[in-house]
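Just one chain follows, in the form predicted alone, and it is written as structure tokens.
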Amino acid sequence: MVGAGVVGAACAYYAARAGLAVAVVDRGPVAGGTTGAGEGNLLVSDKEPGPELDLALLSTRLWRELAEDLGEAVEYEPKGGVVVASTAAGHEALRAFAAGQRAVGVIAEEVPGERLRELEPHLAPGLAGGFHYPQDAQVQPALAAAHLLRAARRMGAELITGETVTAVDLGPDGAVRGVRTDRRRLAAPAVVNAAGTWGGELAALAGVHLPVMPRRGFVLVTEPLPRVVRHKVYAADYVANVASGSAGLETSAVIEGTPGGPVLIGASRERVGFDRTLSQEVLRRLAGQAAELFPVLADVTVLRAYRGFRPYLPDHLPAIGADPRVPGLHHACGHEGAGIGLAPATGLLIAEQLTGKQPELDLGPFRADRFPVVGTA
């Protein structure tokens, strides 16, 4: 496994559980990339019917199973989500969206505007309505990656951090034979690309094209508060922003409390390469949108802001499974902002494929070779 974020950790966990010999390699520490900059969202509410929602529903089940062993350690909270609309037209759009989700197994409960504050007492008055999604949950992402890897190591997996993969070794038949780092060679009949935002670079080492691009996002962290936000709460336009392919800046209010007290405020998206510059414009917009939704936050102190890069693929679906172009190369990357939520399903599907089992979901939509090389048909 190349990558010690939550997706790589889940792949290692399920592969080790299946009896495979596993080594996880990362150039940095555990959860040192996108995972460490995530909010820990485990969402079905923001996904329309299709392959990604199928993946999310499978992961919802798996996270609940994992929580029986890891729940408190990873701050698993099955607190549910609340999506709100400020206008009647927005509420009607949510209603149509929820109807499609219900048809494939999502629980979506309509909430009239006058009853929203029964769920969230500190919400702004006058909202048109919303939907409650009890299947939404949250974990602390860095803890989730660390404990999944700890469990994998108890089952025999090896963890190698601080080493950069510099080559993917291929045999005369073009099949994977292992990887080389700046310190060693690791022989293996299969390599799993769980390198997140750098998944395209790892694919290129194996000679294949995978157009993973970074999409920068910021999160604000407030001072510790009483539990003023009970669920994950976000405005209806967040769903549209998630699905957008725009390279420009997009922000929408996404607010949630944490067990420790701080409130997390997101979300922003923009494609600016790997530019880590702190954007005051983004921070102002996020803070303003949060205060509009929860006026109680207007006078709260923001202690810090962090940012990271979501691994974006052009059709908003991750690459999962065997790459038909290079025997032995498997991908588990490109989940954008949903990687923490989708990690267990991704790990299980990879492990099933590695052990020759029929994967629980059709991996066709996630094929890595679905993207044409620029300049070709």
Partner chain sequence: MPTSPSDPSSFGPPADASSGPLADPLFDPLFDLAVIGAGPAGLAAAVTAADLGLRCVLLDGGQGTGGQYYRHPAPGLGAARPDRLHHHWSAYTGLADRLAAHERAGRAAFRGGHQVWALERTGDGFAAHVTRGPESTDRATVRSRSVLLATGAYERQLPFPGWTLPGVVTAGGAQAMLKAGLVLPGRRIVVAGSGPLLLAAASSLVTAGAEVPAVVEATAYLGYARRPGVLAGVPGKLVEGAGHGGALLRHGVRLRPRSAVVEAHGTDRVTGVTVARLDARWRPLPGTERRIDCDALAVGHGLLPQIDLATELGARTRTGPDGAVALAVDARLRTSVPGLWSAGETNGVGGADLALAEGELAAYAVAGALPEAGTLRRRSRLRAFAELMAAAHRPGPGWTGWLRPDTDVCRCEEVPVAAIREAVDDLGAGDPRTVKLLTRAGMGWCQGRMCGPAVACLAGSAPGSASGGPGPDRRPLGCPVPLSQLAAGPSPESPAS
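All values derive from a computational prediction rather than experimental measurement. Numbering follows the first chain given and starts at 1.
A second form of this protein, the form predicted in complex with the partner chain, is not displayed here; the remarks below concern that form.
Quiz item: V30 near the partner chain in the model of the complex, any heavy atom under 4.5 Å?
Solution: Looking in the model of the complex, residue contacts with the partner chain include V30, since a heavy atom lies within 4.5 Å.
Quiz item: Applying a 4.5 Å heavy atom distance criterion, does T166 contact the partner chain in the model of the complex?
Solution: No, T166 stays farther than 4.5 Å from the partner chain in the model of the complex.
Quiz item: Is there a heavy atom of R230 no more than 4.5 Å from a heavy atom of the partner chain in the model of the complex?
Solution: Answer no; every heavy atom of R230 is more than 4.5 Å from the partner chain in the model of the complex.
Self-check item: in the model of the complex, E92 touching the partner chain (heavy atom, 4.5 Å)
Solution: E92 lies outside the contact set for the partner chain.
Quiz item: Which of these stretches, 191-199, 259-267, 79-87, 208-216, has heavy atoms within 4.5 Å of the partner chain in the model of the complex?
Solution: Checking each option against the 4.5 Å cut-off leaves 259-267.
Quiz item: Which one of R276, R184, R102, R115 is close to the partner chain in the model of the complex, taking close to mean a heavy atom within 4.5 Å?
Solution: Exactly one residue meets the criterion: R276.
Exercise. Could you work out which of A175, M155, V302, L249 is the residue within 4.5 angstroms of the partner chain in the model of the complex, going by heavy atoms?
Key: It is V302.
Quiz item: Is every one of R61, L170 and G321 in contact with the partner chain in the model of the complex, taking contact as a heavy atom within 4.5 Å?
Solution: Verified in the model of the complex; spot residues all out of contact, no.
Exercise. For the stretch 139-156, return the residues whose heavy atoms include at least one within 4.5 Å of the partner chain in the model of the complex, in the order they occur.
Key: Stretch hits, in order: Q140, A142, L143, A146, H147, R150, R153.
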